[in-house]
Each structure stands twice: as structure tokens, then as C-alpha cells.
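In the form predicted on its own, a lone chain appears below as C-alpha cells.
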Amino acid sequence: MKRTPLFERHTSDGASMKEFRGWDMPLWYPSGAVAEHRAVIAHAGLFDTSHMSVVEIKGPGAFNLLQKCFTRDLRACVGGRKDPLIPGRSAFGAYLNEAGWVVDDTVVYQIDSQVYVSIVNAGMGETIASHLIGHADGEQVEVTDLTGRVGKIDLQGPASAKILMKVLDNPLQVLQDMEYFAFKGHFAGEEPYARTFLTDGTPILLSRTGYTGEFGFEMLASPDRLPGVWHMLLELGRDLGLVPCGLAARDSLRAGAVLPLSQQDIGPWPFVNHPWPYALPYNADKSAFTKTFVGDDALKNSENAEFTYAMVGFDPRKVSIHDPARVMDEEGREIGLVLTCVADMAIGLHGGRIYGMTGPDRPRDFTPKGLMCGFVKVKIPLAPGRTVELRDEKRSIKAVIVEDVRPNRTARLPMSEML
């Protein structure tokens, strides 16, 4: 198995380690996944995400190649106004094959007019680099898999900006007015790129993004600097409630935020009829796409494609997706499969409504007991509020189709409020 630069720190701190896509990763720390999940909601959590891959696309043909392969329209993908992607901004989307199936999802960063960085999942750097090169068609572009040459840490939770104020050189200059899906700096710290440094001199790319649904940041840096950065963040963030977090909390947080896991919630089936339409270049009335791209014809003609929905249960009980778990309708007919099933332990039901543990409108003395949530893929359309039954080899539980799960998420709150 591969190990990240932080492996020794994880084991010395007592993390329970587990294989994940070829990497030896922390599943949780001694405090447990529930405590880590709730820390990100109330304070902050630190995640080692160096198992993820970085792919660089640069040259005069970089824009055209991404327009062809990336599902977002780079001319209209930033913010609610759908402004063009510009240096210092990023966008979430996917790479598809000709059948319209997901090769992998990604966040694409524009470094400058001819340089882009694509963050993809563990073990996918070489695959995505080959996919892009295979569609270059004579474009003047260089695609490089930087796997192993760039380290990555995610700082997530409402206290994240306050923690960064302690470790950034010129923190107000860096953080002030930083919008959601904006970034500053570069992991190499080289000219002509704008440079952002930590107080120990580490150059970083600091991005206001993440995989939890909560306010936070992702940091890219040289792997050899990562152990020092990890230690500094935990030491200076301890008084603000910062804790190290593993894969289990990452999984439950992203599911409660209705965010997909590649090759589990999205994968070898048409990338349509799902909760993430913003990842496709639809026009205003969603009657057509605003550009042509790899897989678009297959999506346009996917009349029999299955439907993916977010769902939530009535308590923390789960079914196992490895049985596999089936989805049944009210008449007991099998209509699909469960893709993800976890428990978001920061939410609970009160009076038939979901509340979060820190929500400003939560009832007095409300204590969340947790709710099962995740995604199902079914053969028929289901309206929000529809009840289904999830069944594995051991149990059967009820769930409701929903458009959203955890309320009062903080990811999009203005920087001024978080500082």
C-alpha cells in the first residue's frame, strides 16, 4: 500500500488505519468518528487528503482541451451569475467517456490563462492524464500527472479561518473577501504565480473549497513540508477545537451535504438524473447544453437512464451497501440499489423536521441523535417525500427521498462572518 507523508503522524497519534484505493489511510482517531464529525460542524477538523491526485494541464490548447473533456462550460461556471472561469477561481465537474459514464469527478483550478490544475481521486492521476491526452487531437497542451509530488490537507469547519489567521503570512490580505471556490497562491511558490506562504515559509495553494459542506479550505503544498504544516495547524488550532479526522467522518459529512463519492454514487452509468445538475453545462431552462463535450450525445439520448436520489432515514440505523442493499417501493417491489448509507450524527428529527446541532433555529435543549442518509439509484422517478424501504441481509429500514439533508451548512457563508 502507498503511504502519505503524514503516515507516521497518524500511527503515532493512534489512528485506526485502513486500506482505501491502494493507500493506507486513517479511518478515525481515538476520539472516534462521531466526535470528529461533530467537531467539523461546531469547530474544525483536519483531514489528510494527500492520497488524491493532482493533474496539471498547460499550454495554448489547455482551455480547448478542458472545454472538450470537462463537463463544466469554462465560459460560464463561476457563481450564481455563471461568470467565466478566471485565474484564482475553480469549478466542480466530471470527466466522462463516450458512453456518458463518469471516469472521475474533479475540481478544476485556473492558475493562469494557459495553466490549469485538476484535483482527482486517489489512484486516478494517471487515468485522467491519459484520458486528457487521448482527446488532445493536436492541441498544443502538456498534461502531467503530479501524483506524489503535491501534498494536500483539508481544514474544515466554522473555525477554519480563525485558525488560518494564526498560520498564514499576511492572513488578512489572503483571506479578506475570499469567495467560495476561490483560491490564492501556488504549491510550488514560483513566479509568475501569486505566492501565498505560511509563517514557517511553506508556499501553499489555499482554496476555499472542501468535501464536507461546511466552511473550510484545502491546502496544497510540497509533500516534504506537510508534516510540519500538519503539526503547526493542530498545535495552534487546539484552543479553537481543531481535531484530526479520518475517512469515516469525511464520508458521513459529505453524505449529509449531498456530495457524491466517485465510483460509488457516480460511475459506470449515464451522468444524468442525479442531485448534481450544476456539474453539467445546462442552459437556463435545461433543455440543452451550452457546449459540446465528450459524452454529451450519450447523455442527450439516455432516455432509459436510472435515477439517483438523496435519502434520509428516521434514526441512525443503516444498511450495508456491500450485501448489496436493495431499494423497495411501498408494494415491496425491488426498484434499485443503495449506493451510500451512513449516519450524519450532527442532525436529528424534531416535530417531523430535520435540525442541525448548531442550527440557529434548533429547538431548545435539542440534542441530535443522528440520522441515516445517503444515495439510492432506482429504475423509476421518485418525488421528494416518497418513502422507500432499504433492505440488506440483516435488516429493513424506511427512508424518505429528499432534496437536501443537513440544514444550515456553512460552506457558502461570507468570509466576513467567519472571521
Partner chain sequence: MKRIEELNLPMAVRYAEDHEWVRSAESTVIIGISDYAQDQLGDITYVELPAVGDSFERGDEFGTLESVKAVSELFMPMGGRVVAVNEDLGETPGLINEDPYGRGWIVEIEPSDVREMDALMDARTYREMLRGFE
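Positions refer to the first chain, counted from 1. Computed from a prediction, not measured in an experiment: that's the story for all the values here.
We do not show the form predicted in complex with the partner chain, though everything after this point is about it.
Remark: residue 316 counts among the residues lining the partner chain in the predicted bound form, judged by a heavy atom distance of 4.5 Å or less.
Residue contact check for residue 405: none of its heavy atoms lie within 4.5 Å of the partner chain in the predicted bound form. Taking the partner from elsewhere, residue 42 is found to have every heavy atom lying beyond 4.5 Å of the partner chain in the predicted bound form. Among heavy atoms of residue 28, some come within 4.5 Å of the partner chain in the predicted bound form. Taken together, 3, 201 and 231 are entirely out of contact with the partner chain in the predicted bound form: none brings a heavy atom within 4.5 Å. Listed residues 299, 247, 78, 345 were compared with the partner chain in the predicted bound form; 345 is the one with a heavy atom within 4.5 Å. Checked against the partner chain in the predicted bound form, the candidates 33, 66, 354, 357 yield a single residue with a heavy atom inside 4.5 Å, and that residue is 33. The stretch that touches the partner chain in the predicted bound form, counting heavy atoms within 4.5 Å, is 316-324, out of 204-212, 88-96, 316-324, 171-179. Taking the partner chain as positioned in the predicted bound form, the residues of 380-419 that bring a heavy atom within 4.5 Å of it are, in sequence order, 394, 395.
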